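A lone chain, given as structure tokens: the form predicted on its own.
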């Protein structure tokens, strides 16, 4: 479960996150929806303890991001927008390295590798060097490392960015299936992604939460079109 309490973050004169609060429960897939520069990635970096907020705090997977950042990192799976990978390693070697960092070994690691390789459809490239992979497969490897320790909380920044239609469909099916038993937050600027996988959506602009509801509720507010409501509310909210 995620509880966010009035977090804020400033970069110089730019207020990237402006005192936002929300909660996400297990069994929910929350779509963090907003235009570029809205504060989505900054919020995710705060929740994953890569950035410290200037104000407010949050509890992620039972741990306070200020008091126990290591506990947060141990309990979550995170895929940043441009997930860093070790290009000179094979997919198998990279995932084994991630497992070792997380204290996994023996049968536990072998079982986890079999699970994520199948889950992310990496069987055909598992022994290839990462530098030889397409962008789509690189995104799958990034997702696999986040799932390796089977975390209860997943934070995914633009998880289908750059994927072809078939790859997007596969990743969205994965997220939808996992969302039944995990707490998942995905950031996106793709409206169809919210309809495809999210049970709830928050619209953010200029670092502020402007709307919170199910995709159906938000669509209804736009007279049957989520795009209409999104444009109207982000314009009122002063989004760039």
Partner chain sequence: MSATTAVFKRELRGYFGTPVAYVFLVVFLALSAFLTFSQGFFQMRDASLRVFFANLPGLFALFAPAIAMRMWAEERRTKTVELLLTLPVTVKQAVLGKFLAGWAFFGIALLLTMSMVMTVAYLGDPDPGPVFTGYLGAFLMAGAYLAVGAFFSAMTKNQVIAFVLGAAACALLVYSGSPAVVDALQGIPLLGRPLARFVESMSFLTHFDVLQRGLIEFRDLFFMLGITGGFLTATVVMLDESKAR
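Since we're looking at a predicted model, the values are computed, not measured. Positions refer to the first chain, counted from 1.
What comes next is about the form predicted in complex with the partner chain, which does not appear here.
Practice problem: Quick one: find which of 26-34, 175-183, 65-73, 192-200 has residues within 4.5 Å of the partner chain in the model of the complex by heavy atom distance. | Solution: Stretch with heavy atoms near the partner: 65-73.
Practice problem: Using heavy atoms only and a 4.5 Å cut-off, determine which of 150, 164, 114, 88 is in contact with the partner chain in the model of the complex. | Solution: The residue in contact is 88.
Quiz item: Might residue 98 be said to contact the partner chain in the model of the complex, defining contact as any heavy atom within 4.5 Å?
Solution: Flag for residue 98 set to yes.
Quiz item: At the 4.5 Å heavy atom threshold, is residue 58 in contact with the partner chain in the model of the complex?
Solution: Close contact is absent here: in the model of the complex, residue 58 is far from the partner chain, nothing within 4.5 Å, heavy atoms only.
Quiz item: Would residue 45 count as a contact of the partner chain in the model of the complex, using a 4.5 angstroms cut-off between non-hydrogen atoms?
Solution: Yes, residue 45 is a contact residue.
Quiz item: How about residue 124: is it within 4.5 Å of the partner chain in the model of the complex, going by heavy atoms?
Solution: Answer no; every heavy atom of residue 124 is more than 4.5 Å from the partner chain in the model of the complex.
Practice problem: Using the arrangement in the model of the complex, list in sequence order the residues of 144-173 with any heavy atom within 4.5 angstroms of the partner chain. | Solution: Just 145.
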